[in-house]
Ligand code: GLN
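We begin with a single chain expressed as structure tokens, specifically the form predicted alone.
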């Protein structure tokens, strides 16, 4: 029978429930168990697809085309498995389902209420993945903070499941904060006590208390928390700040979190954790042999989570190249022809990031031109690829008004145009080209060299595409389409010939990069940036250059 673990949060948001859930899942997986994670979010949006990146961070897209919370990216990166539509559920989706059923007469005229109808739908969704029989353990992260009005139906659903299930089949981990007061020089447990009390008043009794802290918890503090929160002392887990999120599984291993969970769930006969690959990755991450500086040209740089998957892909690719990747955010809105050298001159590579809307696009185009002319390694993703096409059309093909119809519907040279199937779409939510699609790679191209095989499959999230009416003049001038969708002819990859590394992709490769399988383009991009950096050093130091020769 599938076992269920619920992770709740208290005191404050942003404590890292997703990282704790992913770290525990990794440890259990490393012991031979089949584990997956799901996220239940309390906001009323049906999904994050229409949310501003400043509001919620990036929108993560799954293989099956679900627009989901960014925590699902952590789940995939840690576990190296795909998630799906079923792994992320919002209050909006729950209510939408219940209301649709009420309109269809499913409740036979009964008054529809939060209890039992909303909580029953929440419970059904919580058990849905486990009912497939594919997993030994399903970990469910409950978004928000205990005490929030929005979270109450989810907490109530967990209470009901705790009551309905056998004790050994259901477990609750409560992540909380132990603040350190500098004036008193003390760690304070009172916020945790109140948080657990509030959770208990709602009928949910945590089995494990995970304590986020900046200072180590001594035995006396652990005993105090255990006493007031009604758990065993060994069930009080220290969650210290880490230099990298990828260190957290090993810290939780030291704390014995996985062993406590296995005991409480009565799971026997498990093997020792197999974390060799994970530790090798961390060694490369901690002890790099080189360093590159990458300029991330974006529109949402004020919020780091807006480009979360891209930043994590750089971590994976850096470790693969045994190279520290320093990412410097550059706001595209403030790049001009006058200051481009000043802003971009010190980088070893440029990544022009995805986005929507006209703000900052001219700065992105200027950045692309700088990379093209100066032979600087360049990587464009989605809108970044489209900006590369526009720059090439304007400055190489001399189509000065070339643009995307997203920004300029009246342009005479729409090198980027709305996809045909998108022209009749009026609803915004969940209507883009979403999820995994195949791509055929042209032999003897940079793209084929990077992947090493064809076809490939990558995830998409876009409405506009490269206009194939311009493909012939592009290729004649040296910008080739090295990857296309085999069914539609959609240009998926463009690359510039006679350039050390210049590639743009319509899809989002960052969404499939994991610790165990770093995304190939990111790995190759960092390798090219590393070579560019080494060449810069050798040019500055002729003596070193002769030694290298």
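Numbering follows the first chain given and starts at 1. Quantities reported herein were computed from a predicted structural model and do not represent experimental measurements.
Absent from the display: the form predicted in complex with the ligand. The rest refers to it.
Just one of 31, 508, 499, 484 comes within 4.5 Å of the ligand in the model of the complex, counting any heavy atom, and that one is 508. This chain is drawn without the ligand; in the model of the complex, the residue among 376, 382, 126, 294 with a heavy atom within 4.5 Å of it is 382. The closest heavy atom approach of residue 355 to the ligand in the model of the complex falls within 4.5 Å. In the model of the complex, at least one heavy atom of residue 464 sits within 4.5 Å of the ligand.
Proximity of residue 386 to the ligand in the model of the complex: non-hydrogen atoms within 4.5 Å are present. Although the partner is absent here, residue 255 is not a contact residue: none of its heavy atoms lies within 4.5 angstroms of the ligand in the model of the complex.
Considering the ligand in the model of the complex, the lone stretch of 208-216, 456-464, 324-332, 151-159 in range is 456-464 [heavy atom distance within 4.5 Å]. In the model of the complex, the ligand lies within 4.5 angstroms of a heavy atom of only one residue of 397-423, namely 406.
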